[in-house]
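The chain below stands alone and is given as structure tokens, in the form predicted alone.
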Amino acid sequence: MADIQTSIRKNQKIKLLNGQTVTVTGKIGEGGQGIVYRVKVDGTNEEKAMKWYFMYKINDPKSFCSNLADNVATGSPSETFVWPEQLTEVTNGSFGYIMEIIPDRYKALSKYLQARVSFKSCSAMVTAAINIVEAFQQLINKGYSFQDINDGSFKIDPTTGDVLICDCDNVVSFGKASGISGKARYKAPEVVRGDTLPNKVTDRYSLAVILFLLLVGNHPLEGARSNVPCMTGKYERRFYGQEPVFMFDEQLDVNRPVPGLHRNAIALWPCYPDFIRKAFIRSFSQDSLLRSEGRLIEQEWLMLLVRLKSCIVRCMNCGCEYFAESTIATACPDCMAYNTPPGYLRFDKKRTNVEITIPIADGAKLYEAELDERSKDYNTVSAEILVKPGKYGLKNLSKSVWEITAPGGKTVKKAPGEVAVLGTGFRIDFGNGVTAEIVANSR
């Protein structure tokens, strides 16, 4: 066993199945399945990472290798995944694969949860959430399941919110098992109970867990009830599979966060708009946990998250960023001053069949996917709210000409780069099938 772990040495050449060779130049890190080395592709200046397996950790090496080979041949679902590129030949009783090296600017989600790394802005954090959902959407659409998902699988740039997803060697087609059991706290309860193999419905639960960890900073099922001295296998099956309870469940209060232990959840949960809290309450309801019902699909998460990003505004008192509600006062988490937006944009229900509102406040932005129902671009700014004393405008940063209709019926057009003055009762036709009305809040 020890020989297998130390069988690769510096400057050793390893042959790939495509006939190329790589030379080991150093060690990057070590995980539960094996060691990751830095290698150079011989005859080129390319540097890659090579994962080399501890064979005793793989239940069925032949099947595992076959699945890896299939994934190499099929290719990555998106650039977000650090996907296996080539397999090695068996050497000294083991094998591995090469992949891209993750740049240093990407930090593991686990480091954010440990407060060793922080996002530079609210926008970067929400952008990271959007990027994770988009990657899951592409994975699920290709018929794949990520069977060993955990907080170490996600590497995030704290400045931009760019995401890379690693440990992709355990990705398999729906209905198959990779031979790696994964961690119970990230699996859907029905998988923990052994009722089913991972599939798109179970992956949607895992996605909700990752989003909750990212935004709220604690695990959704770990509260007072699951606060035990030692999390044994028996307790894991109970708390994550047989009797799971969301810490903010509306009917069950037995698993609330514990002061001093779950500080993030206690501090951050009230900071999010009601529509985000409701999305998590639905995701971790008893219907979802025990009957696999009501889980949000990726497109729902994307529209909720881009709306959340549009709710990032600046406090009128201290300038701090925070998430604003559209219709009621929101307390700035930094200075605790209450801010009420003078009004909001109320979008027609045509696209999502739910009412979407965006507060009119300093710093709020609208994104391409919100203003063009054909678009899947959730990060390009297409409009920005501008604030002057007693005046609010919406700058057109899109590629479309807007038509603004006043309550009396008069219309004006605003080309890209121009600013539309926002007044109560005005309607904005953004083109591309999207319209919104300006609604005033009572002061």
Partner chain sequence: MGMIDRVEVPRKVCPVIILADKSISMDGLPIGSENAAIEGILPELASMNKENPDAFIKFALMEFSTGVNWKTGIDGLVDPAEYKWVDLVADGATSFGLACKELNNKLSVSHGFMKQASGSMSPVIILISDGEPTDSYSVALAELKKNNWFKVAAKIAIGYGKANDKVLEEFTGNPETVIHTNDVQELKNLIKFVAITSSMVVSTGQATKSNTDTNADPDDTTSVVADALKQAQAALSDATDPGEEW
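Numbering follows the first chain given and starts at 1. In this text the structure is predicted, and so the values were computed from the model without any measurement.
The next section is about a form of this same protein that is not shown, the form predicted in complex with the partner chain.
- Using a 4.5 angstroms limit between non-hydrogen atoms, residue 262 touches the partner chain in the model of the complex.
- At least one heavy atom of residue 272 is located within 4.5 Å of the partner chain in the model of the complex.
- The closest non-hydrogen atom of residue 363 lies beyond 4.5 Å of the partner chain in the model of the complex.
- When the partner chain is considered in the model of the complex, residue 333 lines it closely, a heavy atom lying within 4.5 Å.
- Residue-level contacts in the model of the complex: of 72, 164, 210, 125, one residue has a heavy atom within 4.5 Å of the partner chain, and it is 125.
- Out of the listed residues 317, 299, 227, 159, 227 is the one that sits within 4.5 Å of the partner chain in the model of the complex by at least one heavy atom.
- Contact annotation for the candidate site: 253, 278 and 442 all lie away from the partner chain in the model of the complex (no heavy atom within 4.5 Å).
- Considering the partner chain in the model of the complex, the lone stretch of 318 to 326, 337 to 345, 129 to 137, 200 to 208 in range is 318 to 326 [heavy atom distance within 4.5 Å].
- Contacts between 88 to 122 and the partner chain, taken as any heavy atom within 4.5 Å in the model of the complex, involve 110, 113, 114, 115, 116, 118, 119, 120, 121, 122.
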